[in-house]
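Okay, so here's just one chain, in structure tokens, the form predicted alone.
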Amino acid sequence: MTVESEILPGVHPEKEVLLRNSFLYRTKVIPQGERIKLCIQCGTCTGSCPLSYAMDITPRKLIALFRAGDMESILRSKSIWICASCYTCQTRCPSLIKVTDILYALKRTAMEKKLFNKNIPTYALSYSFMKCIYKYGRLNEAQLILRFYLRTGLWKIINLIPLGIKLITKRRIKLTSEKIKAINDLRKIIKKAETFELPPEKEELAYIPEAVGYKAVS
């Protein structure tokens, strides 16, 4: 075993550094995203979450694992995909940590690095949705379902065939959609948006720095 391959105290492995940098970059565009470092591990987020019972890693433990340097376990967990975005954890956090928004940052990081929990194919639904929008400029439900099952297992769609036939015969869904008139303009907007470097949003202090501490008496 070489020195480089060993886990040295206080030094993250190269893979962990890459994952952390990608995640921290995304937290910079979250207003007050830097407050993640203020977590006191009180567990209010976990106690408030209506879906924590179904999670393999609770919200409190997610932040604990981040501090411990285990980003891969977080990104491969099903917890980040189970979140219902009810924002209860974020509302009740005594440290004002943007827990739900941080979970979204973890989802984007997992999709970027292709580290998924295979049992929770929510990422496939997200990919399929974006493909539909990019192709037609609008959502086509039949195309969305077909693209989703092409990614996750086409055989699973067999049970949905009777329902699909009913919906088609009653004209509730269409197999194809017409593209919107300005589809090329929409695609240009999407491509341009992907190149934007969003500026970090910093927390607005609830006090005047010059009015507290040594600055106030000097």
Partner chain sequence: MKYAYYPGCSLHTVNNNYDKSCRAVFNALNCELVELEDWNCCGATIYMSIKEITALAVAARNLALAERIGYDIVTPCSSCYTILNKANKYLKSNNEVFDKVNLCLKEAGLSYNGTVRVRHPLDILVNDIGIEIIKLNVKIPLIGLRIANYYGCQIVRPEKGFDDRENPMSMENLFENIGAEDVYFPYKLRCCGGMLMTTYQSSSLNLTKEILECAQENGADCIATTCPLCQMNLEGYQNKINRIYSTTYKIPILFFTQILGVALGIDVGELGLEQNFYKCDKLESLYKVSLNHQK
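Think of the rigid core as the biggest set of C-alphas that the two forms share within 1.5 Å after superposition. In this text, all values refer to a predicted model and were calculated from it rather than measured experimentally. Numbering follows the first chain given and starts at 1.
FYI, the form predicted in complex with the partner chain isn't displayed, but the following is about it.
Interface residue remark: R26 is counted as part of the site for the partner chain in the predicted complex, having a heavy atom within 4.5 Å.
Within 4.5 Å of any heavy atom of the partner chain in the predicted complex lies no heavy atom of G69. Contact between E14 and the partner chain in the predicted complex is not found at the 4.5 Å heavy atom cutoff. Although the partner is absent from this view, W155 stays clear of the partner chain in the predicted complex, with no non-hydrogen atom inside 4.5 angstroms.
Contact with the partner chain in the predicted complex, judged by any heavy atom within 4.5 Å, is made by just one of L150, C42, L65, L160: L160.
Residues of 172 to 195 that come within 4.5 Å of the partner chain in the predicted complex, judged by any heavy atom, are R172, K174, E178, I180, K181, A182, D185, L186, K188, I189, I190, K192, A193, E194 in sequence order. For I158, the Cα coordinates differ by 2 angstroms or more between the shown form and the other one after the core has been superposed. After superposition on the rigid core, displacement of the C-alpha of D56 between the shown form and the other one stays below 2 Å. After superposition on the rigid core, the Cα of C39 moves by less than 2 Å between the shown form and the other one. CA of L18 to CA of T152: farther apart by 3 Å or more in the predicted complex than in the shown form.
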